[in-house]
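Taking the form predicted on its own, here's one chain by itself in structure tokens.
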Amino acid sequence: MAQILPPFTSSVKLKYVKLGYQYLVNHILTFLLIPIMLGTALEILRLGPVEILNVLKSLRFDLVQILCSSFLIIFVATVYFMSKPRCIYLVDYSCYKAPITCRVPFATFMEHSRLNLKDNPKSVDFQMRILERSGLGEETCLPPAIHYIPPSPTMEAARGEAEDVIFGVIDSLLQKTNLKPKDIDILIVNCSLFSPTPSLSAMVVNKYKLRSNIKSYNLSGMGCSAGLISIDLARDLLQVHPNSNAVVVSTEIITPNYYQGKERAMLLPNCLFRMGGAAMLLSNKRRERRRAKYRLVHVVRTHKGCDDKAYRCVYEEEDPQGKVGINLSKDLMVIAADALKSNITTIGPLVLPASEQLLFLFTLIGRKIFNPKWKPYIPDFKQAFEHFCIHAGGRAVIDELQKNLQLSAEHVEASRMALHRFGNTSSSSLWYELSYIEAKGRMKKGDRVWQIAFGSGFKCNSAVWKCNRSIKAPTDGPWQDCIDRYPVHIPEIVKL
């Protein structure tokens, strides 16, 4: 019996057609220039050396024309290089790793919840359901004051946590980079909910005896996206202060912000937020280029505070009993998706290859002119980035971005594993994720990294980094003793 051949159309893999289209569009200039260059070369060969010399002799230039042309070229080149933005390098960074005594397994967390909320079993059950679906693991940490029954969130305990985290990451950074405290020109500390007097940045200046002319900044109240806001501020300062070093510290102090009431919307942060912090050294010095890990390419910030719902979706307030906590709105994910849409609309033209921008443009024109019901084209950001660091705010945040950006499980692996091992460490979570990618030995020279963070206000911020050199898996860092165990399977529900 004759073999029935399958239809040709079903045997063609359309992904190869798309790859061919992307290669053609992204290299269109090359394809246009090659025939022009070949034609020019053939014409020169056809003329021969004698005719070429005759052509050159026929072009008569006097000394004034040569001098004016030379001056113009030098002037244009000088203006170009003087106006060109300075390159900002991320020399290195360090992440905080809490001592094992601060570890909070599920059983410990739930036992404390039952004892602290013994008159409200519904709130205890709510926290259990959240924890079961949170994506957190058994090794996340809370500060010592929260381990007391009831918790003891004193000012002294909060300062103690701040000193432990901030001094720990700065000490590690100085050791990694061989940087002397006197060589720090700019200091930026961001901590959203703990803002004592003197400030945390003043605490760092005092501890390390930094110079009296240091430019120090303390950012508060800006939520989990404050880390990238600090990077943006450091970039702007380094553009106007040549030959400078900037140290950025991102953290969230848990001690004074652990909610002890009964409102469910305000109990949610207790289940997700954990200890953490990171310190980064940025520099605009040219000599740092060779040893720096990354170069900052773009920072894009989106603020939706003009909308009342967005402004109040993450809101610090008192409950009916007068206890202060963070109220998370049910509309949080919808608002975050809208902020992300605005952010990627801005960052897309900066990073996407021409092939993706053309497809997006054609789809947009088609929807406007022909059929509004056409499915909108979602650009393939995998063409622009090799690695993604999505703020580990919770499983729902990671799930939503993976779905909207059409990312694979490997692309969001760093975010899920950081959430599992360290919990939501607020503005520092992006650096635990970057450290995970490095610990796995996946970061190669030329790789591009997209960091995405969300914060109260409501804000969505992005940073794009390009790897300066292939990075060997570090022998230290927050993943040092556990990277071999990861990635781990995280079930949808962990029954407690």
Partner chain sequence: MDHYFMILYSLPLLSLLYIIYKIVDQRRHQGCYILDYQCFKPGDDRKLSTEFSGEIIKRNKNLGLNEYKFLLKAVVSSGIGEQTYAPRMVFAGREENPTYEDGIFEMDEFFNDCIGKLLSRAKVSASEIDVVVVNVSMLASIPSLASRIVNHYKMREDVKTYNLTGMGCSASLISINVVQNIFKSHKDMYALVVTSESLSPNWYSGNDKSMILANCLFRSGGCAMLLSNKVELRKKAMFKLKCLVRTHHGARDESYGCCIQKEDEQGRVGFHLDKVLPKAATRSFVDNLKEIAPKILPVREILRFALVSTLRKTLQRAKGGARPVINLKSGVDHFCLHTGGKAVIDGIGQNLNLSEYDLEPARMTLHRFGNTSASSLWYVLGYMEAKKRLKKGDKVFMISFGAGFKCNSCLWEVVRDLGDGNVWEDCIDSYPPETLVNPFLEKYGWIQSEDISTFKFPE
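In this text the structure is predicted, and so the values were computed from the model without any measurement. Positions refer to the first chain, counted from 1.
The form predicted in complex with the partner chain exists for this protein as well; it is not shown, and the discussion that follows is about that form.
Should the three residues Ala202, Arg211 and Glu317 be counted as contacting the partner chain in the model of the complex, with contact defined as a heavy atom within 4.5 Å for each? So, yes: the whole triplet contacts the partner chain.
Considering Val334, Leu358, Met155, Val297, which brings a non-hydrogen atom within 4.5 Å of the partner chain in the model of the complex? Among Val334, Leu358, Met155, Val297, a heavy atom within 4.5 Å of the partner chain in the model of the complex occurs only for Met155.
The single option of Pro196, Gly168, Pro181, Pro256 touching the partner chain in the model of the complex, heavy atom within 4.5 Å: Only one option qualifies, and that one is Pro196.
Option from 436-444, 35-43, 450-458, 466-474 whose residues, in the model of the complex, bring a heavy atom within 4.5 Å of the partner chain: In short, 450-458.
Is the gap between Val240 and the partner chain in the model of the complex 4.5 Å or less for some heavy atom pair? Residue-level check for Val240: yes, a contact with the partner chain.
Is Asn120 part of the interface with the partner chain in the model of the complex - any heavy atom within 4.5 Å? So Asn120 does not count as contacting the partner chain.
Hey, in the model of the complex, does Asn54 get a heavy atom within 4.5 angstroms of the partner chain? So Asn54 does not count as contacting the partner chain.
Does any heavy atom of Leu173 come within 4.5 Å of a heavy atom of the partner chain in the model of the complex? No, Leu173 is distant from the partner.
Could you pull out the residues of 302-320 that have any heavy atom within 4.5 Å of the partner chain in the model of the complex? Residues within 4.5 Å: Thr302, His303, Lys304, Gly305, Cys306, Asp307, Asp308, Tyr311, Val314, Tyr315, Glu316, Glu317, Glu318.
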